[in-house]
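Below, in structure tokens: the form predicted alone, a single chain.
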Amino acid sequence: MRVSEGRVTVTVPEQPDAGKGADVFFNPVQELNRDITVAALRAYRERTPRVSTYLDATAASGIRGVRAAANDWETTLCDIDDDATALCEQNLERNDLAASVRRSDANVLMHSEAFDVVDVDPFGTPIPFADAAIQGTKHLLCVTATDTAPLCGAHFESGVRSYGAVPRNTEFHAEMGMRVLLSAMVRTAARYDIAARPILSHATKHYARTYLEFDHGAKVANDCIDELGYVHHCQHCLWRDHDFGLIADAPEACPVCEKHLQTAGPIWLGRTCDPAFADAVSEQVTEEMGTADEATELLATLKAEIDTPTHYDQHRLCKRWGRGAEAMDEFIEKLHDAGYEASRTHYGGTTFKTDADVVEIREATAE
């Protein structure tokens, strides 16, 4: 079937029936991801004018790489599957675009050649591609992870194996997954004296997506490692705290209710998004994008999110407290009036970030 996204029209496989796989994978739900990718590529080229080459490392139908080529990137589309590379070539020809199509193991290609921007968007975990992708990236590495259950701790053992961290299935599970992914990528880059710092990240529709800008040198890599640490979380009263460092130093018990704490980490505790870059990406969202309104709203929320490593869900808090929920704007305004920072988040309609702890939130928002 044919699909139009942005400036291109491509042929993609028909969606398979339950239990039957398509020869070449295509995920229509990822249109928002791809729209933001195109806007991010436009914004990054303005941020770093010398960049010109882009690798779609796991191309499948090639829709992401074709869209990059339509935006004047010197594009390489890579896939190990014959049917996928044939479809990539067909989709480039359909749109009268020039790009290199490589039938290759992505890891082999990324270990042998380097590109200004590398995009790794596999089915499942990106970790098998992490070392090669870091070696093959000059400036910006874009990574998608769709294995959200291991990332957020719902599939605990798998998360530990894949990401080298202890994930916990908390009420802020989407952010947990994002920060577990960032931790793994930052630690992998640091082995090569590379600082991989996120300039845009979001967890949307059962996937996590991040854009990592590279800087080289042992000192800057050490600075990134210094932003790793642990979150200590009480499942009973929803209190939480965090501390930086690679050695966990959890309190013996929750200081509020004295119940047992769960500890997750090492996770990335630093910023997941550069507000200025989020704003620049938003300016590059254009009307031909099918998710333009959704992308603009998401980027505005990302820009405004305050810098804390976890978020709260108002409905979950109010349920614990035995009181009714209220409009989010009013709830956040009460936190502001009490002198706390607070913002809505992109993780859900009733989620928010604040520098107040759970006791202070309850007191500040009481009737």
Ligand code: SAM
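One-based numbering along the sequence shown. Values in this document were obtained by computation on a predicted structure and should not be read as measured data.
Another form exists, predicted in complex with S-adenosylmethionine (SAM); not displayed. Remarks below refer to it.
With the partner left out here, S-adenosylmethionine (SAM) still marks one of 43-51, 306-314, 326-334, 61-69 in the predicted complex; by a 4.5 Å heavy atom cut-off that stretch is 61-69. Taking non-hydrogen atoms only, Asp79 approaches S-adenosylmethionine (SAM) to within 4.5 angstroms in the predicted complex. Interface residue remark: Phe129 is counted as part of the site for S-adenosylmethionine (SAM) in the predicted complex, having a heavy atom within 4.5 Å.
Residue contact with S-adenosylmethionine (SAM) in the predicted complex: Asp274 places no heavy atom within 4.5 Å of it.
In the predicted complex, no heavy atom of Thr291 sits within 4.5 Å of S-adenosylmethionine (SAM).
Only one of Glu227, Asp105, Asp241, Glu283 lies close to S-adenosylmethionine (SAM) in the predicted complex, with a heavy atom inside 4.5 Å, and it is Asp105. Taking Gly136, Pro198, Pro150, Pro122 one by one, only a single residue has any non-hydrogen atom within 4.5 Å of S-adenosylmethionine (SAM) in the predicted complex, and it is Pro122. Annotation for 30-50: the only interface residue with S-adenosylmethionine (SAM) in the predicted complex is Arg34 [heavy atom within 4.5 Å].
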